[in-house]
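Here's a solo chain for you in structure tokens, the form predicted on its own.
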């Protein structure tokens, strides 16, 4: 029994046990302070489902050897473009949602291919280069949002040209689409079945892909490029494939996120999203060289669970400070991101 416990601690990791303990402590404090615990759990499940696929998008880039995809904003922009095209065609409900995914496929594959070629040119500096590319493209797209020919009154400014900063999805019957699908109530906790099921299905599909011949070649190329080359594997090609897959999943992830949030957030919206997704997978036990589906699931649960529960608990202790909610969110979110990136810098699992 003692050996089983030691193996569990070693595999799960002491840092994650500490974080899990902190999350459980926050839950106990929430009950003690009289907060609506069922509502907190419902919100946690929604945040886990709506952000999980964006976290999943980091996995292929780590596995293929390009490191955490700080350029995930490229995939997010592809997803947003697909979503706007679906809205421009006045599609509604699931037709709108799946059409947006379909429109984002060629965009994300093309962008991912070009992005992968660039990453192969800067081996050893991928993360710094990815941050630069991601932020640059988001900045350039601020002009793009102003000149693209979207004319739907739900998107376009009433005066002038361009699309709005925030675009509501309620009129297209897309808002909360997956959240409400097969949702049910357990003791006051609303389980967003469709949202969580979509996340699980995406994890399963990627799990199957990573066990295919191409997926195993990606693992080999990322783990030991010299050995992979000696075995006849085209390392550069596998890095490009991993980048394309990461970009496409990022496009799907932002569409899932947006339908849950109820809005498309353009302009500066995609800029910081990669940092949050990367922090989550690193908190889950991944490193800049190795990652797994388990790291994605554990990291998403811990990161967003703490983020949801910690803010109202902190606010309950400082109810007189009007801006405490935003202050608390910034401290917790950026603190977790900083910790995760410090652990990643060690090159091993957190």
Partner chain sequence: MAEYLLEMDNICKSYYGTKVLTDVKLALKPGEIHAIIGENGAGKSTLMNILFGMPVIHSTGGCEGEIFIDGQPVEIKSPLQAMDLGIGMVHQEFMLLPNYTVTENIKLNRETRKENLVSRLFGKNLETLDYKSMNADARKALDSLDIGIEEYTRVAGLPVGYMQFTEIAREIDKSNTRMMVFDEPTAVLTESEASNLLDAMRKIAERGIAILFITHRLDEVMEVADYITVLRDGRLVGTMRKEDATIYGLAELMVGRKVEKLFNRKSRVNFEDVAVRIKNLTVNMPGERVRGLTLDVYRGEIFGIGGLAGQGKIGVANGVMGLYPSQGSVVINNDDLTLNDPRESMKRGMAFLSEDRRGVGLLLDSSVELNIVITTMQNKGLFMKKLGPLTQIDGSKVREHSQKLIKDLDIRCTGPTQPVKRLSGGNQQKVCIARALTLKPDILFVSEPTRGIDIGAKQRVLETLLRLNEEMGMTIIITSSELAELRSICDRIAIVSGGKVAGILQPDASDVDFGLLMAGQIDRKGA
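Positions refer to the first chain, counted from 1. No experiment lies behind these values; they were computed from the predicted model shown.
Just so you know, the form predicted in complex with the partner chain exists too; it's not on screen, but the next bit is about it.
Chemist: Counting only heavy atoms and a 4.5 Å cut-off, does the partner chain in the predicted complex sit next to every one of 216, 220 and 230?
Modeler: Yes, each of 216, 220 and 230 comes within 4.5 Å of the partner chain in the predicted complex.
Chemist: Determine which one of 106-114, 75-83, 181-189, 232-240 lies within 4.5 Å of the partner chain in the predicted complex, judging by heavy atom distances; exactly one does.
Modeler: Heavy-atom contact with the partner occurs in 232-240.
Chemist: At the 4.5 Å heavy atom threshold, is residue 208 in contact with the partner chain in the predicted complex?
Modeler: Looking in the predicted complex, residue contacts with the partner chain include residue 208, since a heavy atom lies within 4.5 Å.
Chemist: Contact with the partner chain in the predicted complex for residue 95, defined as at least one heavy atom pair within 4.5 Å: yes or no?
Modeler: Answer no; every heavy atom of residue 95 is more than 4.5 Å from the partner chain in the predicted complex.
Chemist: Contact with the partner chain in the predicted complex for residue 224, defined as at least one heavy atom pair within 4.5 Å: yes or no?
Modeler: Output for residue 224 is yes: heavy atoms within 4.5 Å of the partner chain.
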